[in-house]
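Here you get one chain, nothing else, as structure tokens; it is the form predicted alone.
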Amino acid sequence: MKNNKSFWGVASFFTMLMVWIEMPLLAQEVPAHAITNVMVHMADGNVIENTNIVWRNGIIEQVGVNESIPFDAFVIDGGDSLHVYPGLIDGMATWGSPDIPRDLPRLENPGKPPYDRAGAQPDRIPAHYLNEDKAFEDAMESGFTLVSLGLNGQMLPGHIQPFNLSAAKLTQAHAFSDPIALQGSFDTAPGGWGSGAYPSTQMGVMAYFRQLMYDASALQEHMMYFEKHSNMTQPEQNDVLEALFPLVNKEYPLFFEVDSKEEIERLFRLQDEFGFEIVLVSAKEASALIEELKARNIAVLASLDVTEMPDWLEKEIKDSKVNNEEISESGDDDSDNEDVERIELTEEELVFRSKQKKAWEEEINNVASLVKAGIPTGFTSDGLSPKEIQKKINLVTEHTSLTKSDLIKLMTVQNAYILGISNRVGTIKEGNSAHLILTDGPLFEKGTKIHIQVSQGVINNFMED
């Protein structure tokens, strides 16, 4: 409804009268918040100028041009020059997780270790373990408003749970939802020489994983039979195996951190055996298996932790540009000089450089190849600190077909889709949770600063004096 002075005058008076007489604390407990006169960048890349956004109780109520502002709203005026984007989402991180125990004692029977020493801890839920971590604050200042957290560990570290990023220490109160998945990897059991345990090899991890799944299936069947036949032996409680029931029943996906083509193919064999859904995490060589990923309908939370261009290749490209500019200006082709420099390299060095260049190009183009092929692709920080992410974004967008807009999409609507929460976050629209950031320029461009971060309606102002 457009603003009408006479209507809003009567309505505001009546509403305020009801607040004062019947609910004197309402305006203080649940005030509205509004950002006005801003350029809103929608998930599809469209930009709407001179827009107002209003939210209350963490939920967006209005998005549009000339939208009226509630009388009780705390207003932030964008002054027609500030930008609003959907809040960034980290598809999986381990910020705030306890460290993996060190100096482990020797086991009497390392071939049959307790679950935790084997690296099987699927019963752990992040909300119960999180510590204070500077990464939370750094992530907020970098524009992240939601993070899907796992825990440090080995083959089955625990659950994956999304959290609103609005404090330096996250607790259950910051949980965006219940756990959404289980976390896995091919990491072997902790401990070194003298304190190690089974499984200590990748093949051992696969065998142990299979055994856990079969044991969980057997326990679930036993529990179901016991409910119908009380004369049976009562099954023993087992938190680890019971935590695997959602995976056994295909109710949860398994977020599996894996990089190499060979390891991804091993993971496929486990999927074939048990039928659960997979989301690849990191997946630095996933583009080598695009057709298989399509056939299996597998999503990827991709890492941007790519290596810098080899120094020799960077120099070669720069020299080539300079040479081309000089030829363009003088009209003389001086390419013989380049041949002289190449002759100085041995055949072995030339072969090495050729292989190194190919490997680097495959690495840097991994995410772009996944996106181009239509693989559902999101983003994981994968060990990168929030402040390192910008540098990697610059590197990827400089040397691949991906644009900064593409990466914003990966970090917002695509991540929300993969995490199964796109009905609540990832886009700025009425009814969605208020997850957004206010910047003084295009996001990820040099010099752009984030002024305000809003997570589930909670405001963090980073430009205060």
Partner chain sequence: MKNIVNTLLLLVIFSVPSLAQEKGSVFIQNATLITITDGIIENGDVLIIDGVITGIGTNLSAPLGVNVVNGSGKYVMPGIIDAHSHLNTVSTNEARNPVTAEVTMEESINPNSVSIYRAIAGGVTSIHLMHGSANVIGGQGETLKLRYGVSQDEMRFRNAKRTIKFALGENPTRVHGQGNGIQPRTRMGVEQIIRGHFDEALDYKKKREAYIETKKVYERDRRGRIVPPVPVAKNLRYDVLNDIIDGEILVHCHSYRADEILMLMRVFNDYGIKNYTFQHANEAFKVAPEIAKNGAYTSVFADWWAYKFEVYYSTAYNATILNENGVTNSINSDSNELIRHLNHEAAKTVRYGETSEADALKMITINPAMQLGIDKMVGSLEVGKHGDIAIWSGHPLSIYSKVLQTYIDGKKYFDMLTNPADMRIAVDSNDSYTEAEFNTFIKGREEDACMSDVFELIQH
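Numbering follows the first chain given and starts at 1. No experiment lies behind these values; they were computed from the predicted model shown.
Although not depicted, the form predicted in complex with its partner chain is the subject of the following passage.
In the model of the complex, its partner chain stays beyond 4.5 Å of every heavy atom belonging to Lys321. Though the partner is left out of this view, Gly374 does not reach within 4.5 Å of its partner chain in the model of the complex, counting heavy atoms only. With a 4.5 Å cutoff on heavy atoms, Asp103 does not count as touching its partner chain in the model of the complex; it lies far away. When contacts are judged by a 4.5 Å heavy atom cut-off, Asn297 does not count as touching its partner chain in the model of the complex. This chain is displayed without its partner chain, yet in the model of the complex the stretch 194-202 from 194-202, 172-180, 151-159, 391-399 comes within 4.5 Å of it by heavy atoms.
Proximity to its partner chain in the model of the complex, defined as a heavy atom within 4.5 Å, singles out one entry of Glu314, Glu344, Glu108, Asp272, which is Glu108.
Taking a 4.5 Å heavy atom cutoff to its partner chain in the model of the complex, the contact residue among Val75, Leu384, Ala359, Ala168 is Ala359. Taking a 4.5 Å heavy atom cutoff to its partner chain in the model of the complex, the contacting residues in 349-375 are Glu349, Val351, Phe352, Lys355, Gln356, Ala359, Trp360, Glu363.
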